[in-house]
Every structure is written in structure tokens, then in C-alpha cells.
Ligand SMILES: C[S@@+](CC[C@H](N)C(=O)[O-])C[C@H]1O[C@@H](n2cnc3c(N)ncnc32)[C@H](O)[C@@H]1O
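In C-alpha cells, the next block holds one chain alone, the form predicted alone.
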Amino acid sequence: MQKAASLPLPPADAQAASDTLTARIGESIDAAGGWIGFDRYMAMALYAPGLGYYSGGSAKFGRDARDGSDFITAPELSPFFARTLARQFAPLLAQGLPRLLEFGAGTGRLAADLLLGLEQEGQLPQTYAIVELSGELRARQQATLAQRAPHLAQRVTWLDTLPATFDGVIVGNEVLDAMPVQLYARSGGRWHERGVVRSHVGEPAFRFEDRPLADADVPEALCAIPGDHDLVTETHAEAEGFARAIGAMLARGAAFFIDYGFPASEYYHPQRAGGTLMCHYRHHAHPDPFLYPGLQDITAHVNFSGIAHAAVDAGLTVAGFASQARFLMNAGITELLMELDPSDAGAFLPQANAVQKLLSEAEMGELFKVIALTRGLDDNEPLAGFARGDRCHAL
């Protein structure tokens, strides 16, 4: 694991908040008999009220460590990401689906640019709702909308929970990867659940401890991994439960989720023996989830097969699954880029470089995927983003 000494030190107030959260996690471990599953640890580290990474006040999203952020997302890279989504969403909104719902709105950049893009497409939604529990992020989203799209900001409302029913278009960019995962380790041919315990005096606050599982308790996804070699991996009960909740909520419309991940055959490939758990702190990626609880992002890649199967179980249709690069190109991102004047290097080159990062296999283009889940739409009108390169067969 990466040593804390090799990473930037947090300010004193942030360290104090992290220490408070560390104490609370320790109390939870004690109350549970000395051991908690990693999913519970991850949930507290990310979402403990007022102290967790996403419920606290850290910057999170930005371009580099100088602005206090930890990572950058596609909407922050280029407005062409949202404008391309607008080209895909506009025909759906025109089919009597006048509402848009976003999960994981971050800084509000996607919401602002998506509204501006839909305005250019002549298909503004009647309402744009954001499901957001963090007061700090709500305030940041409101400020972004007021700055980038002040004439459209009044269309946006914030929700604390999922609506009971919804007709419209749903979007979530890098939402699924931030949902708590269970960790499992196979050692000596036997499966164990990897949990969290207090460390010994003088060591970091927490450490991993594995507990053996009875054969009947091994998750189905793990039973399918061939061989008996040692490995560590994750399962995604919460994200799959979220997909089922979307199925229960969506009366008619389409839900698009963009995230990094793989179908199950790649996710649980025998050569992926170390799992996908990763942390981000001040634009440094490292594997230690116990460093600065509440101050760093903890994430895992998405098993899109699990998401697809849960959605189908809930009555949804998987209408498309493709790499981010293929989806964006199908939906017209290069056409939008060419609306800029290539001879104006100052305006064109930064946007061209940003779009290249969105599309490049070496950057975000292949690792990130887009999945579309629908109900009640005309099957004779396929979604443009999946016109070529659809990989539903891989799910």
C-alpha cells in the first residue's frame, strides 16, 4: 500500500474531521464484535453524515491538486461530453418524456452543460431533477448552474430520495463506481470475506481481516471464476440493488449510466487477481482505503453484467452497451467538435485535446462504458449512441 508520507498532507481541519470519522468507524467495529464487512467501512468512509467523503466539504472534483480536488470527470474535461449526451437525449424527450433526472451531479457541470445542449437542440426538459444528499454539493451545483446557465437554473430541483415513479430520461456519470462493494479473497482454494478490524497499537487505525465462508455463502458471481489460484475481487450488491430500484421507479423512459468497468467475463477474468479497488487523493491513485478516512475517494470498477441482469430482473430492457468512445462518436461528438474553427488554435486545440481524452483507448475511451436501460420505448427506434459497436452480447 502507498505510504501516507508520499502523498500531500491534509490541512489541520481536514485531518481533524478524518480523525473524528476514524473514531466513529472504530466504534462501529467494536459494536459489531470487532469486525465489519468492507462494504460497511466503505459506506461510512464515503457517506457518514457530515464526515464522509461525499457528505463532507472537500472539493473532490477538479482539474489538479492545486484546486484541492482529487480527480477529474468527463463533464469537467469538456462541454462536448454533455452536448453529445444532449444529442442522444433530445429525441427521447421529444417522445413525450419531458423530464430529466440526474444522479451523482458532482459540481453541477454536467447539468448546466446538458441543459445548454438541449436548448441548442430545441428540446429543453420541463424539469431537471438532481438526487443529491450532500448539502455542500447542492450548493456547489447551484453555484455552477447560476454561473454557466443562469436562464435555465430555475428548471432544476433537488431531491433527497428517488421519486416513487418517473417518466423521462435518467443519467448518472460515475455513480455506480462509488457504491460500496463487498471484498472477497480466495486463498488456498477457499473463499473468505475480507473485512475491517482495528489495527494494533502504533499501526494505522485499521487493517484487513479475512473470514472464511461456507460454500453455501459464496456469491454466485464468484463461484463462476475458474481455477483455485489466490485472488481478491469485489461484488456489487448495492449497485445491483440500485439498478433494481431504477426498474421499480421507471414507468417509461431510458436510464443511461456511464462508468469504468467490464462485463463479468472480463471483471472476473483469472488474470485479474488483485481486484479493482482503488483510491484517489489529490490526483494520486493508490490502493490504501484506510488512508485519511473521509478525505479520499474509494472506488471499484463496475461489473456491468451484474447491473444488466439486475435491471432485467426488474423489468427493464438493456437497450445498449458500448465503450464511451463508440457511444460518443455514434452520438456525434466529432461533428460537434468540427463546429469550432480549426484555424483558431487557441479555441480549437484545448477542446480537441479534451475530446481525445474522452475517446482514446489509452485514456477514458475504452475503460469507460455506457449502458442504457429502458422501458416502454419503441424498439424500432434504436438509440443512436449504440448504432455501431454495441456489446450487449458480452453481458
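Don't overthink the numbering: it's just position in the shown sequence, from 1. Computed from a predicted model, the values in this text were never measured in an experiment.
Here the subject shifts to the form predicted together with the ligand, a form of this protein not shown in this document.
Though the ligand is not shown, can you say which of 213, 179, 156, 249 has a heavy atom within 4.5 Å of it in the predicted bound form?
For this set of options, the contacting one is 179.
By the heavy atom within 4.5 Å rule, which residue out of 268, 191, 206, 103 makes contact with the ligand in the predicted bound form?
After the contact test, the surviving option is 103.
33 to 41, 341 to 349, 325 to 333, 47 to 55: which one contacts the ligand in the predicted bound form at 4.5 Å, heavy atom to heavy atom?
In the other structure, the partner sits against 47 to 55.
Considering only heavy atoms, tell me if residue 117 and the ligand come within 4.5 Å of each other in the predicted bound form.
No - in the predicted bound form, heavy atoms of residue 117 and the ligand never come within 4.5 Å of each other.
Is there a heavy atom of residue 121 lying 4.5 Å or less from a heavy atom of the ligand in the predicted bound form?
Close contact is absent here: in the predicted bound form, residue 121 is far from the ligand, nothing within 4.5 Å, heavy atoms only.
Although the partner isn't part of this model, could you tell me whether residue 234 comes within 4.5 Å of the ligand in the predicted bound form, counting any heavy atom of the residue?
No - in the predicted bound form, heavy atoms of residue 234 and the ligand never come within 4.5 Å of each other.
Applying a 4.5 Å heavy atom distance criterion, does residue 112 contact the ligand in the predicted bound form?
It does not: once the ligand is placed as it appears in the predicted bound form, residue 112 has no heavy atom within 4.5 Å of it.
Heavy atoms within 4.5 Å of the ligand in the predicted bound form is the criterion; list the residues of 165 to 194 that meet it.
Sequence-ordered list: 173, 174, 175, 178, 179.
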